[in-house]
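Single chain ahead, by itself, as structure tokens, in the form predicted on its own.
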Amino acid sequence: MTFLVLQSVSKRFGAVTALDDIRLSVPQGSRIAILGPSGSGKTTLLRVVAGFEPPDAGCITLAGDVLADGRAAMPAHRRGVGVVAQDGALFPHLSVRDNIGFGLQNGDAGRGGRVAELMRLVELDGAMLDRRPDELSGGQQQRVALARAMARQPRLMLLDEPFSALDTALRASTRRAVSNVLRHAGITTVLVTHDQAEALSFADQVAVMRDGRLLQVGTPQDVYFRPVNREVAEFLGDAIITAAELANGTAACALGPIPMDSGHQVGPGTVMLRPEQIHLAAIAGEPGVPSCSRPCVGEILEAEFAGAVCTYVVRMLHPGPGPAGPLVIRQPSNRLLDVGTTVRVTVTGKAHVFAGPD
């Protein structure tokens, strides 16, 4: 069932269009990630849904209740929306207990039990209840902020880049913990982030945003493997994009003939592959057979080691249709290849064909 609906929502700040005709439907109990670079409008979108900013045009409904219709908007405190900010925004002078219980009535007999329940829910030790925020780690602070936001049982949870200030390992573990809490609680959640891996792993749906517009909305698998255009493809991760000749369900390109995911297109086109679809293996020359005569063979021009991943610049020795420039291919570095190595290039899966201009 559709729970949160945005219809033709727009917002301007002077001459700057922050939101441009946003149309979005979020099912009840789901998690959606709004993904985009800085300045794309994603935080403005969150603030409009929260009620911190009125839209200039458009309508926002939550469970059938109208939150905003043009500049006529329901006050933020009446929307039943919880918000977790990037830095947690905990009150530094209050204990963990009082931060979580801030929105609850002091005289409520069940207040202490509710706070203790929320501590268990976010997997924090009850011994921390009397600590101040500066006595907690970054991940613990974010869990306290989540517990505080959940204290009043919101209908919708908004997360504004809540993990970006944490180090890499802590960010991943905190994200998993928060995702589990929200999923088990059945709270519809909107996450704003510029981190592609975070969006893809956290959400049921991903909405890619750029310059105040939603470019594509779909499942993480759809937007990653079947982006609508080059812009979305490259923003979601490394992509190898090349010209191809399309016919009979096959894309003939610099990497040879590859089955394509759209069998009806014919003629010149543009296709995309993800790095994990490509495997490089060193090959040795055979007597009497020049290595450059073999199909799908390239030469390593550059190699850059970066721990788990190595980036190779590969010149194809028998380029197919389209530009014959070198390809940048990232591979796991468990088998390092030296500059000058002749490699066999193997492609698995299908090439994604852009439906229109890339």
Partner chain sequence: MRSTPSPRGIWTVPGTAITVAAALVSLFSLVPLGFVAVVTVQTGWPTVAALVFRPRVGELLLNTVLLVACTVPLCIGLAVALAWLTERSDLPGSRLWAWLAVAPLSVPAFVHSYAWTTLVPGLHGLPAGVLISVAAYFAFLYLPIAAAMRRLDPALEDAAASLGLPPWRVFGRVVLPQLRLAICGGSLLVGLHLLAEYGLYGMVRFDTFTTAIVDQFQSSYNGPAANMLAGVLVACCLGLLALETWVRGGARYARVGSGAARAPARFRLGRATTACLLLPALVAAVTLGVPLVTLARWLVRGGAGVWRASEIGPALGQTLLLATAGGVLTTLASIPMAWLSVRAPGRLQRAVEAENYVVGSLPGVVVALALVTVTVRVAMPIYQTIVTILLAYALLFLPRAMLSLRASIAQAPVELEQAAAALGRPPGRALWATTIRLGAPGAAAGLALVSLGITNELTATMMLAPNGTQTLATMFWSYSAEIDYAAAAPYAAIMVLFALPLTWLLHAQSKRVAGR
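Residue numbers count along the first chain shown, from 1. Since the model is a prediction, treat every value here as computed from it, not as a measurement.
This protein has a second form, the form predicted in complex with the partner chain, left out of what is shown; the following refers to that one.
Problem set entry | Partner-facing stretch of 253 to 261, 229 to 237, 75 to 83, 187 to 195, counted where any non-hydrogen atom is within 4.5 angstroms of the partner chain in the predicted bound form | Residues of 75 to 83 come within 4.5 Å of the partner.
Exercise. Each of 87, 90 and 102 near the partner chain in the predicted bound form, meaning some heavy atom within 4.5 Å?
Worked result: So, yes: the whole triplet contacts the partner chain.
For this session: Let me know the one among 214, 206, 149, 244 whose heavy atoms come within 4.5 Å of the partner chain in the predicted bound form, would you?
Result: After the contact test, the surviving option is 149.
Exercise. So which of 218, 275, 139, 133 gets a non-hydrogen atom within 4.5 Å of the partner chain in the predicted bound form?
Worked result: Checked against the cut-off, the match is 133.
Exercise. So, in the predicted bound form, is residue 52 in contact with the partner chain at a 4.5 angstroms heavy atom limit?
Worked result: Contact check for residue 52: yes, within 4.5 Å of the partner chain in the predicted bound form.
For this session: Please run the contact check for residue 165 against the partner chain in the predicted bound form: heavy atoms, 4.5 angstroms, yes or no?
Result: Residue-level check for residue 165: yes, a contact with the partner chain.
Problem set entry | the partner chain contact at residue 43 in the predicted bound form, heavy atom, 4.5 Å | Yes, residue 43 sits close enough to the partner chain in the predicted bound form that at least one of its heavy atoms falls within 4.5 Å.
Exercise. Using heavy atoms and a 4.5 Å limit, would one call residue 47 a contact residue for the partner chain in the predicted bound form?
Worked result: Contact check for residue 47: yes, within 4.5 Å of the partner chain in the predicted bound form.
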